[in-house]
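One chain comes next, on its own, written as structure tokens: the form predicted alone.
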């Protein structure tokens, strides 16, 4: 039977010849990832034995270094847990970063695998052809003990990409075009392919896959192609894996064609991304108080490179805060070595420690009542980045960086006008 990517992956993980949408299957999990906030639940202390320590990773990311005694306690519990169960893949403060960036750059997400974590943006692993998904704490507890979980096989929506991605367009713009045009995809898997896909680099694929959670998708998946293999050759040289690529005659719930050449820089208005994104060119002049570049969606080295390129030789507008959070220690180090951090700081940006903090409104850039922020992070919900009385717009790193310079939501072309 012909398979979509998710059908091929879940069938193999369940030890079945084939699966179909609606079917409930029990799957072996290749990698279970636990993050610091999960140690707020005492049930992890009840685990007598981890099923397979080699299939477990623990990453500290949401509140690191600990901003409160309570968060420090979570870190202490994590250290005790990995010591008790002999878990080698532990990314403590100093080796840390946002979990989805860390497990990708450490080669812990491989094509055809099943990866689970409590964080909802675990779907980022779909860029690497993995059935990666965020699940609840009790499900993670079950996986730690049994090495298995269950899924209802979702129907798949395929995006057939044609044309060529313009250089100034980011994966965020592609995603916001999709979310604005098609909206909700709850209980579906998203699959990307087509002749245009070769023009979409891994950094943009990871942005798109990460954001799939915002329209309710169970999984967001890309095929394992040359771009994937080149990425894996760098982060996981010699690793063996089984690709989950779709069959030519696979059956889809819907097939939607997107010409990448027509994609414009986009902005999501505050509240949601579902049917709520507009082209930057059509947005009314909107002043900002804060501009944020970071998160698992857009805190990658490529994102920081774009931001540094936009602000180089210029200054952040008076009254605006530009906060930049690299997605991991490794990204931070490479950004320092390439001069991006110096360029950003010279422009007036604050480059923070790698953490989820500002993205979920916990630390490192929380918004005050009445403030307006344009962010390249993952969500624009009311109250997501701080006060429920603040407004959060979402856009690409290039748009956010340009906005920091102009003081209103703008693209790099408008920066040139301001400077003149």
Partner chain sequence: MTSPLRVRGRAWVFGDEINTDDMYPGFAMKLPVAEAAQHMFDATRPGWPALIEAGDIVVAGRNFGLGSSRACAELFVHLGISCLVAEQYNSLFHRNALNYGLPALTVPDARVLIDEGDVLAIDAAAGLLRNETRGTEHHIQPLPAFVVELVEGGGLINRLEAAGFLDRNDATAGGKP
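Positions refer to the first chain, counted from 1. As the structure is a computational prediction, the values presented were derived from the model and not from experiment.
If you look for the form predicted together with its partner chain, you will not find it shown, but the lines that follow are about it.
Proximity to its partner chain in the predicted complex, defined as a heavy atom within 4.5 Å, singles out one entry of 195, 279, 137, 86, which is 137. When its partner chain is considered in the predicted complex, only one residue from 391, 37, 351, 66 comes within 4.5 Å through any heavy atom, namely 37. Looking at 238-246, 162-170, 314-322, 266-274, the stretch with residues near its partner chain in the predicted complex, meaning non-hydrogen atoms within 4.5 angstroms, turns out to be 266-274. At a distance of at most 4.5 angstroms from its partner chain in the predicted complex, none of the three residues 1, 18 and 253 contributes a non-hydrogen atom. Interface residue remark: residue 55 is not counted as part of the site for its partner chain in the predicted complex, having no heavy atom within 4.5 Å. Using a 4.5 Å cutoff between non-hydrogen atoms, residue 133 counts as a contact of its partner chain in the predicted complex. Interface membership of residue 346, defined by any non-hydrogen atom within 4.5 Å of its partner chain in the predicted complex, is ruled out. Using a 4.5 angstroms threshold between heavy atoms, residue 93 stays clear of its partner chain in the predicted complex.
For the stretch 41-69, the set of residues having any non-hydrogen atom within 4.5 angstroms of its partner chain in the predicted complex comprises 41, 42, 43, 46, 47, 48, 68, in sequence order.
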